[in-house]
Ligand code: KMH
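What follows is one chain in structure tokens, specifically the form predicted alone.
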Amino acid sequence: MIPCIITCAITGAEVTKSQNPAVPYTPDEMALEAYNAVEAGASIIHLHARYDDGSPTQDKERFLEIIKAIKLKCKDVIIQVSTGGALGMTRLERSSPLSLDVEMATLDCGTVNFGGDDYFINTENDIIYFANIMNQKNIQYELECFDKGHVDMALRLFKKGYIKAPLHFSFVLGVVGGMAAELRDFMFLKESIPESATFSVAGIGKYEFPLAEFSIMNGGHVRVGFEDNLYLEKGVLAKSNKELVKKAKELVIKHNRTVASISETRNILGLE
């Protein structure tokens, strides 16, 4: 099998230091978390921006500050900026970091409930809007899918020419209101994408490592990190993103695969 890409989502938009004191907010904290994650085996840093008080932002200047801090410590790492932002942000707000010189960004492919009264809106026109910007700037998208209908939407827009090859999917499973995170759910999504496409899996909370193992065993890639899960195991808070990456790496080795280097990741995803 091809080497396994490990993406680390170091902070997200919603998790806080009150939940885990190791969650990074400042550029220096994020740079250190990113560096240690890369040293442990991550080749992509999935990036949300936070202000020093922890509040989420899509301000491009804050993104730039964080990216510069990360690149000082690990200049070759692939930065994948989030266009998801935080709940309630407008399309214009969410697209702000796409004006920066980045290699990758997320492209959310459908609306999903997030439990309670929370919902994450991605209309068809939203998706086309983000895809058009990424196409113009030659930014590789990661097609984030929380449900089977999101995969179908991505493929429909691919056929219409709004979304371009190469196709790289991220199955985000276990979100309250989204698709469940059992093996059957993962396999359903995997079997719904073209054979030429690549895919990664992000399991939320307790599903992070079981889903990572399913993906590794089936030739896919994995995402771990504080955005998705704050625990190393039940009842044990992770002390850093590095610990989560190391655990993912152990699963890769267990199943006789190698961890993709940064250069191998660029080759696999067609970034070179």
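Since we're looking at a predicted model, the values are computed, not measured. Numbering starts at 1 and follows the sequence shown.
This protein has a second form, the form predicted in complex with (5S)-5-amino-3-OXO-hexanoic acid, left out of what is shown; the following refers to that one.
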Completion exercise
Exactly one of Leu167, Leu189, Leu87, Ile128 comes within 4.5 Å of (5S)-5-amino-3-OXO-hexanoic acid in the model of the complex through a heavy atom, and that residue is Leu87
Handout entry: Complete contact of Glu14, Thr83 and Phe120 with (5S)-5-amino-3-OXO-hexanoic acid in the model of the complex (any heavy atom, 4.5 Å)
Key = yes
Exercise for the section: Using a 4.5 Å heavy atom cut-off, state whether Tyr162 contacts (5S)-5-amino-3-OXO-hexanoic acid in the model of the complex. Expected result: no
Exercise for the section: Classify Glu144 as contacting or not contacting (5S)-5-amino-3-OXO-hexanoic acid in the model of the complex by the rule of any non-hydrogen atom within 4.5 angstroms, answering yes or no. Expected result: yes
Practice task
Answer yes if any heavy atom of His46 is within 4.5 Å of a heavy atom of (5S)-5-amino-3-OXO-hexanoic acid in the model of the complex; otherwise answer no.
Solution key: yes
Handout entry: Contact test in the model of the complex: Thr106 vs (5S)-5-amino-3-OXO-hexanoic acid, heavy atoms, 4.5 Å
Key = yes
Exercise for the section: Pick the stretch from 66-74, 46-54, 25-33, 232-240 whose residues have a heavy atom within 4.5 Å of (5S)-5-amino-3-OXO-hexanoic acid in the model of the complex. Expected result: 46-54
